[in-house]
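Coming up is one lone chain in C-alpha cells, specifically the form predicted on its own.
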Amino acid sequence: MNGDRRYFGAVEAGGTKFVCAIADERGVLHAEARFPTADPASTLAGVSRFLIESSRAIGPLSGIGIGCFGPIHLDKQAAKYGVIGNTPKKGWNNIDIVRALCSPFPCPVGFDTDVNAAALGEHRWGAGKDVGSLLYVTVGTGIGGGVLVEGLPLHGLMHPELGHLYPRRHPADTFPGVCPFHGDCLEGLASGPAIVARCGNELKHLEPGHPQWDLQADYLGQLCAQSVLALSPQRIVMGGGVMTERRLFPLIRQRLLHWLGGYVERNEILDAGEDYVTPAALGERAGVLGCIALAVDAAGAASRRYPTSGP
C-alpha cells in the first residue's frame, strides 16, 4: 500500500442485529451502521449497500472480516465454506453469507463465529491483551464461547459450541428450557430468552433477592469450571446483554470455585478471580472490532502467501 492507510470492512452478524463498520488496522472506526436481523435478503442487502457505499467514500478495502452466529462452516476446503448451518434463527439455514457480502470486493476475507471474533477483539484491544489463551463467553440472545489458543481461534471438526453443553441441573430449577434442539442445555436454561421465559422479565428488572440470580450464577459458574478443566484458558472474559449486570460476576466466581471443588490450585482463580473471570473491556464493540482483526489477519495471511515483491 506504499505507506498509505489501509481500510478494512467488518460485519458482526448477530441473532438480533448486524453491526457493520469500516476501520483502519489500529481498530479506529471510520464508519458504522446497525441493521436488525430480519430476513436474509433484506438484511444482507442493507449490509452490502453499506460496505459498497462506505468503501467508495473512505477508501478501497484491504480485507473484510465476518463474525457470524452459528453454527457455520469454517473448512475452507469444503463446498459449504462460508455457509450458515442448522441455526435456530428462522430462515437463515444454508445462507452463504460470505459470498453474499464479499463477492463485490477483490480482497481477502476472514470468516469465523461471532464469539471467536469477539475473543479476537478482546485479545487485541481489550481485556485479554496480556494473555495468550482466552475464553470469551457471550450471554444474550444465546450463549456462545470463543476460544483462542496462543492468540488464534480454536477450530477443529467445527468450532466450539459451549452454549449447548448440558449443565448439572440446579435443585430448585424445574424449567424445561428454550433451546429448540436440546431444551435444557446452557443456552436453553441461562440465555436472555430463557430468563424471560422462566421469570417473565429480563434479569436487570428482577430484584436482588430473586432466585434467578442464584440460578444464573450457578449455570454460568458451571460453564466456567468446565471450561477451566477442558480448555485451561488463562482468562475468561464475559460479555453480552445479560452480563452488563455486573453484580453477576462475584456470584459466578463463587460458583466457579464451588464446581472446581478445590481441584485447581492456581492463584489466578483462588485470589477471588477478579482478573480471571472479568467483564469484556470493549463492551458492545468487542464483536465488530474482532471482525476488523479477522480482516487484518486475512489480509496479512494473503500478503504472506502472495508477496508483492521478491526477497
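Computed from a prediction, not measured in an experiment: that's the story for all the values here. Residue numbers run from 1 along the displayed sequence.
The same protein also has a form predicted in complex with a further copy of the same chain, omitted here; what follows describes it.
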item	value
Among 118-126, 159-167, 96-104, 201-209, the region lying within 4.5 Å of a further copy of the same chain in the model of the complex by heavy atom distance	159-167
Close approach of residue 231 to a further copy of the same chain in the model of the complex, 4.5 Å, heavy atom	yes
Contact label in the model of the complex: residue 154 to a further copy of the same chain, heavy atom within 4.5 Å	yes
Residue contact check: residue 241 to a further copy of the same chain in the model of the complex, 4.5 Å heavy atom	no
Any non-hydrogen atom of residue 26 within 4.5 angstroms of a further copy of the same chain in the model of the complex	no
Contacting member of 33, 260, 248, 44, with respect to a further copy of the same chain in the model of the complex [4.5 Å, heavy atom]	260
Stretch 168-196 - residues with a heavy atom within 4.5 Å of a further copy of the same chain in the model of the complex	168, 169, 181, 182, 184, 189
